[in-house]
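Taking the form predicted alone, here's one chain by itself in structure tokens.
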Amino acid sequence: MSEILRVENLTTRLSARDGSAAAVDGVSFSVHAGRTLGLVGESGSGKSLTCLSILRLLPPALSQAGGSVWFKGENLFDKSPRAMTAIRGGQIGMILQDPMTSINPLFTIGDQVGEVFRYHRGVSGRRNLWARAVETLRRVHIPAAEERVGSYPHQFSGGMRQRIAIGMNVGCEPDLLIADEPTTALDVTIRLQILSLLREIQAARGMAMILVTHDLHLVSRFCDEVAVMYGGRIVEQGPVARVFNDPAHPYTKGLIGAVPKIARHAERLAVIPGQPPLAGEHGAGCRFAPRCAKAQPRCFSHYPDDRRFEDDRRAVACWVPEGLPS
């Protein structure tokens, strides 16, 4: 199984008048062909910024400060702006949280989907471009694709717009797809349909995928590995079943405990007290320590190194993780 993406010690800093702070701090992970990595954590933990850093799409207030991103053996941080423009959308696709932010309301769906093939595949001529657009809409199961290709975005439902956004990002058959909260604004039924569609496309093309989400249920069903982020760092990562069935980090355990369970005699949900830290508003120790019931003095003074389980497939950044000797 070939490695498509390897992120090593990725660091992104937020600039402010009184200095700068790490919004993404030393993040490392890898994704292989045909596999899906779930990136989870509370809002503000750095999930979306990590993905934007990979594609070098950072806003002006943020800057790349260190690390490397290896895509199919080449460091993306060594690429020119023109080379990155060719990679985005062609070899790496990214689905944004709100499909209306990636679909222009002033142009037909056929023009917008066709534009992807014009730029990345050199297809020319309106007839040829619309033919590719129709084919793409069929792939993402838009009914009556021949008629709908001439419609505008406001004439589609939210779920259909999300399918179109998926089509625009997978039409050129990328090796990696980053899906940033692709189901946030959708109801439960449509949510499962969208994730099933992504899984279908992935299986057909052997595509690697990163799924950014708050929904741990979706991660358990659709992801192979999971990385839990907190305060700009990854605190635990490994195979989904291993991490969810036996979480080692107190934060991971808290997240899983906060998921509602359908039961006749439902217990109160677990609550993680306090709020996540903002960039720069944390000490030298573990960033979760102020909210952790098991925190020790060293947790506040020194950040723990990653500790690996015996099979080397799981890593946890905790001084005394569960499942490992102290």
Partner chain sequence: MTAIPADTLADTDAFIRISGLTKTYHVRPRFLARPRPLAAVAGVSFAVEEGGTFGLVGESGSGKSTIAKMLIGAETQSAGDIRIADRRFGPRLSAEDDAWRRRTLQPVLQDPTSALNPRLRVASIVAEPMRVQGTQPDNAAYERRVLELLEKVGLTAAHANRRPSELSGGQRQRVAIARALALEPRVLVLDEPVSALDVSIQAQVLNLLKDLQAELKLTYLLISHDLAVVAYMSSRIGVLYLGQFMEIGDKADVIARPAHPYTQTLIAASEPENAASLDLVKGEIPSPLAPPPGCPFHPRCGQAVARCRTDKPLLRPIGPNHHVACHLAGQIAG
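Positions refer to the first chain, counted from 1. As the structure is a prediction and not an experimental result, all values here were calculated from the model.
One more form of this protein, predicted together with its partner chain, exists but is not displayed; see below.
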- Message: Check for me: heavy atom within 4.5 Å of its partner chain in the predicted complex, for each of Ile190, Phe222 and Ile262, yes or no.
- Response: yes
- The listed residue (Leu255, Leu176, Leu129, Ala248) that reaches within 4.5 Å of its partner chain in the predicted complex by any heavy atom is Leu255
- Query: Looking at Arg205, Arg118, Arg242, Arg199, which has any heavy atom no more than 4.5 Å from its partner chain in the predicted complex?
  - Reply: Arg199
- Query: Could you tell me if Arg138 has a non-hydrogen atom within 4.5 Å of its partner chain in the predicted complex?
  - Reply: no
- Query: Does Lys72 reach its partner chain in the predicted complex, with heavy atoms at most 4.5 Å apart?
  - Reply: no
- Message: Please tell me whether any heavy atom belonging to Val271 falls inside 4.5 Å of a heavy atom of its partner chain, as the geometry stands in the predicted complex.
- Response: yes
- Message: I'd like to check something about Leu218: if you look in the predicted complex, is any of its heavy atoms closer than or equal to 4.5 Å to a heavy atom of its partner chain?
- Response: yes
- Query: Tell me which of 297-305, 35-43, 22-30, 51-59 has residues with heavy atoms within 4.5 angstroms of its partner chain in the predicted complex?
  - Reply: 35-43
